[in-house]
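What follows is a single chain, given as structure tokens, in the form predicted alone.
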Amino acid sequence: MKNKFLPLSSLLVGSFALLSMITITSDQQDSWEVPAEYQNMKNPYAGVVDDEQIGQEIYGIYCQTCHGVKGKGDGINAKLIETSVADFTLASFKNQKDGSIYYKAATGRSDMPSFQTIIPDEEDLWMVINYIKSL
């Protein structure tokens, strides 16, 4: 009789462990400390229409493989890295100030590279940030 409930208890324990990992992943994403100078940085290209779709093009080259086509953190390489991949569609991401996102993209951390040297043109980096916020 006891063995009949073993799979259910295993399922509950497994579900709890998975839920704990999801919570840790979300906390890790939110715990990225950004210096005050970047938190208060204004986006000089806010509201600029990207007619040439520079942001989308650069995103497709450098960001999409991890963050996915729609920015949900489900790109083909997301499973291959150990750290959590940001979901750009979440309110917790979208509520960040542009300067905070700029800092994170420019400096990188862990598996996320620094895009300051990969995308040296500041306007291009801001266009990527504008595109990400539109996802």
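Because the structure is a prediction, the values reported are computed rather than measured. Numbers for residues come from their place in the sequence shown, where the first is 1.
If you look for the form predicted in complex with a small molecule, you will not find it shown, but the lines that follow are about it.
Exercise. Among N40, N95, Q53, S110, which has at least one heavy atom within 4.5 Å of the small molecule in the model of the complex?
Worked result: So the residue touching the small molecule in the model of the complex, by this definition, is S110.
Exercise. Do I76 and the small molecule share at least one heavy atom pair within 4.5 Å in the model of the complex?
Worked result: Contact check for I76: no, nothing within 4.5 Å of the small molecule in the model of the complex.
Problem set entry | Interface membership of I81, the small molecule in the model of the complex, 4.5 Å heavy atom rule | Yes, I81 is a contact residue.
Exercise. Is there any non-hydrogen atom of F115 lying within 4.5 Å of the small molecule in the model of the complex?
Worked result: Judged by the heavy-atom cut-off of 4.5 Å, F115 is in contact with the small molecule in the model of the complex.
Problem set entry | Heavy atom of K72 within 4.5 Å of the small molecule in the model of the complex | Looking in the model of the complex, residue contacts with the small molecule do not include K72, since no heavy atom lies within 4.5 Å.
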